[in-house]
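Let's start with one chain on its own, the form predicted on its own, as C-alpha cells.
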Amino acid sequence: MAAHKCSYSALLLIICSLSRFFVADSQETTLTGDNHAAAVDNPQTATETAGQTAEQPAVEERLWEATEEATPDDADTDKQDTSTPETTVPSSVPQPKDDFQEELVIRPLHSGDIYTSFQFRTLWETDFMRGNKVSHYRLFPKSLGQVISKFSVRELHISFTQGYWRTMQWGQPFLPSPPGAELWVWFQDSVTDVDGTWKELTNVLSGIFCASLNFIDSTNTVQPSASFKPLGIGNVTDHRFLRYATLPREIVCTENLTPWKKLLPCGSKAGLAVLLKSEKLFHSSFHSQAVHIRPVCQDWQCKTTSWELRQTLNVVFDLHTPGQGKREWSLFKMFSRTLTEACPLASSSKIYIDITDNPQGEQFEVSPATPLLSQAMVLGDRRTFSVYDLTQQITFGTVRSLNLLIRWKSSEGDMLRPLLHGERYVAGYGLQTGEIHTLMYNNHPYRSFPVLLLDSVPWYLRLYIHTLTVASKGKDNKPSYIHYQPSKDRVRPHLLEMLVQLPPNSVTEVTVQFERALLKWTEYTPDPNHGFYVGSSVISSLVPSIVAMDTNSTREQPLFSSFFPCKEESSYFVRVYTEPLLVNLPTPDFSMPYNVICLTCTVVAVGYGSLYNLLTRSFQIEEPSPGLAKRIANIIRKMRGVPPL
C-alpha cells in the first residue's frame, strides 16, 4: 500500500512539471510572435533602432561642421542642415524631459578688466501647479522644486551682489543686479494670503542660500505696479501677487556661494563649475550670483511649457598691472584651475570669447585658436564670439586640458558709451532735512525714449512729495505716469514710480526733499554712526537699437543673449540700477550710559565705602615698635637667657 502511494505521488509530480514547461513555452512563443508582428507593422523601427548608435556620430560631426561657418548669411542654412538628421530619430525613443546647458562668456573690457559670465540653465517639462506631488528629481534641484510647489510661485528672481557695476567703464552687463540682495517673486493667483506666503518664502530662501533674507519684512517690501513684469509666459499681471524687496547692506561671501553651487547637477566636480573657486571669485572688483526660475515655452508654438532654472554668476577681474608692462590673462590666472572635461549631464557646454572689437587680431591674440565663430544679438548690438565646445575632445588637445590665454598687442580703442545710464546721490547739510537726486542719462544722439523709474525709500526718510521736480535740459519734464504710495511709520516704505520721456543726448534730474525721523533707541543698528542704507533706484526702458532684434526666442542662440524677452525689432529691454545711498540719521550718544555707570560706581565706591569703614571698623591703641638696636639687643639677651630690656 505504501509503495502504491509513493508511485502515485511521483506520477503527480511529473505531470505538474510537464504542465509548467508547456505553459512557459507557449508564453515565450506568444511574446516572440507579438514582437515579430510589431516589426512587420513598423519595419523602420527595428532598422532605425539598430542604426541609432551608428547615426549619432554622424549627427555630431555634421553639427561640428555646421558651427565652423563664420558668416551670418549661412547660419540659417547650417541650422537646416543640422536639423535634417534630427528628424530621423524614431518617435518610439523616449525623449528626456529635462535638459542642462552651461556656458562661460569672457569679454575683455577697454578698462583693462576681464568680464566673465557663467550661465547654467536647467529645463524641466513638468507641472508643479496641478497638485501632483513630484517625487523624482533628476537635474532640477529638489529644494527649489518643493519651494515652487509649496508656495505657488510663478516666477522667482534672487541675486546676491558684492560691489557696484560701473556702467560707464564696463558697459552694460548681461544680467544687471543691485548691490546687496534683491528678491522679487510673482505668485499664482490661487494664493489668498500673499503677505503671509511672502514671509514664509523669505525664511525658507534664507535657509537655502545661507543669507539674511529673514530680515525682509513689510518695512522693506513694496508692490510695484509697472516696473517688474513677468519674464516668463505668464499673462496675468495683477501686481497684487508681486513682491519686491532689497537688502543693500547684505554681504556676499563663501557661505552664499557653496549652496548656490550645490544646486548644479554636477556640483563643482565637473564642467565649468570647476572654475568656481571662492578665494579667486571674491578677490575681484565685482561679483554677482543669481537664481532665476520662470515658466518658458517648450517649442516655438508654445504648445507645451517647461520650468527654467537659470543660475548666473558674473565676475569682473582686475588683471591689468601697469607696472609690469604686460597685459594678459588666462583661465589659470583668473581661477587657478583649468578645464579638463564638460559636465557629463550637460547637453551643451561652451566657452564664448568676445572678439567683436578685435576682428583682425590687432588688439589681442587668443590661444589656442579655434575656427568656430558665432554671432549673437546682445543688448541691441551684433557681437562676434570665438566658440570652444567642451563636448568635443578635440577642444582639449593632446594634453587633455584647456587653458585659454589672451595676450594684448595694443590698448587703443574707445568703448561706446551706454545709451542709458543712471546715478543717485544725497544732497543737503545737517541731520534734519536733505534731498535725493537721481540722474538719468540718454546718450542717444537723436532719439528720445521713455523710462520707468522706481524708488523705494525707507519710512524713516519722510518724503515731501510736493517738492518733486523733474527737469531735462533746464526745463520741466512732466511725467506721463506717476504712482506714489506713502509710507507708514514702522509698517511700509515709500514707493514712487514714474514714466518719464528722456530727450536725446540729455540728462534728466529727479529731485525730492525729505526729513529724517527720530528712531527709538532699540531700532538703531550696532554701528549707527556708519549710517543707514537706502536701496538702489531701478530704471527700466526699451532702448532704441540700430540692429534689428530676432524675435524668435526658441531658435538656438547663446544663453546670455536670450533672458529678457523683446518683441519690437527697433528696441531692446534694459534695466539699470543706481548706487545705493548711505544716509546719516540723528544718533544719540550711546556712550552716555557707560559714563553714567562709571560715575555711579565711583560715587558708590568712594562715598558709601568710606562711611561703611567708619561704622564697622574697631580702633585699638598700638604701642610703638622698638628701634633696631633695641631689637638686636633683646635677641642677644634671649640667647643668653637674660630677660629682655
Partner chain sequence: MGNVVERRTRGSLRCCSFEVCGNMAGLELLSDQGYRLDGRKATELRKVQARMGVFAQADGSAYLEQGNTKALAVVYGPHEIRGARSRIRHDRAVINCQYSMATFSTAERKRRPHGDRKSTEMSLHLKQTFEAAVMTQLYPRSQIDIYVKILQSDGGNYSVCVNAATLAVIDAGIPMRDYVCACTVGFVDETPLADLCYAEESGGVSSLALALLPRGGQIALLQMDARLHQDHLESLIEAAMTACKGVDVTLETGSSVSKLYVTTDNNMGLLSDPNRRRALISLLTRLNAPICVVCYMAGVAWFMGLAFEPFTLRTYMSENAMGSTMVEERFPAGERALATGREFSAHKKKAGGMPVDWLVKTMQARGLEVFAQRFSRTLPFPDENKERYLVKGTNVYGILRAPRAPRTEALVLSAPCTPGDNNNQAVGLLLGLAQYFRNQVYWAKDIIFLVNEHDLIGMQAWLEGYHHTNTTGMDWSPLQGRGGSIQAALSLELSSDVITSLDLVLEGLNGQLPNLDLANLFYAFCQKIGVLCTIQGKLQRNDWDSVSGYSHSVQTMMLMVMKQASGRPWGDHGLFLRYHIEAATIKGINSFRQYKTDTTTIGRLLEGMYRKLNNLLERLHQSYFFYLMPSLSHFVSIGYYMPAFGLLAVILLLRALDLWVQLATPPPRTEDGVADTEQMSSPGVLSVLTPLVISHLTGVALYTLPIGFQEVAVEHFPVSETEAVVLTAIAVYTAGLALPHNTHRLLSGEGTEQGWKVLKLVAVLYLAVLLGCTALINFSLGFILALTLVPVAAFVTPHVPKVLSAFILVILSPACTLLFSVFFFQELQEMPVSFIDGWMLFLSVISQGILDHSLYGSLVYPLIALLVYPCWLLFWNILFWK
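Numbering follows the first chain given and starts at 1. Being a predicted model, the structure only gives us computed values, none of them experimental.
As for the form predicted together with the partner chain, it is not shown, yet the points below apply to it.
In summary, the region of this chain contacting the partner chain in the model of the complex, judged by heavy atoms within 4.5 Å and restricted to 282-290, 255-263, 239-247, 478-486, corresponds to 282-290. A heavy atom within 4.5 Å of the partner chain in the model of the complex is found for one listed residue only; from Gln375, Thr469, Ser506, Gln169, this is Gln169. The contact residue chosen from Phe332, Tyr464, Tyr137, Tyr425 relative to the partner chain in the model of the complex is Tyr425, the criterion being a non-hydrogen atom within 4.5 angstroms. Contact annotation for Thr192: none of its heavy atoms lies within 4.5 Å of the partner chain in the model of the complex. In the model of the complex, the partner chain sits within 4.5 Å of a heavy atom of Ser610. Shown alone here, Leu614 lies within 4.5 Å of the partner chain in the model of the complex, counting heavy atoms only.
Among residues of the shown chain, Phe118 is not one whose heavy atoms approach the partner chain to within 4.5 Å in the model of the complex.
The partner is not shown here, but in the model of the complex the stretch 147-163 reaches within 4.5 angstroms of the partner chain through a heavy atom at Gln162, Gly163.
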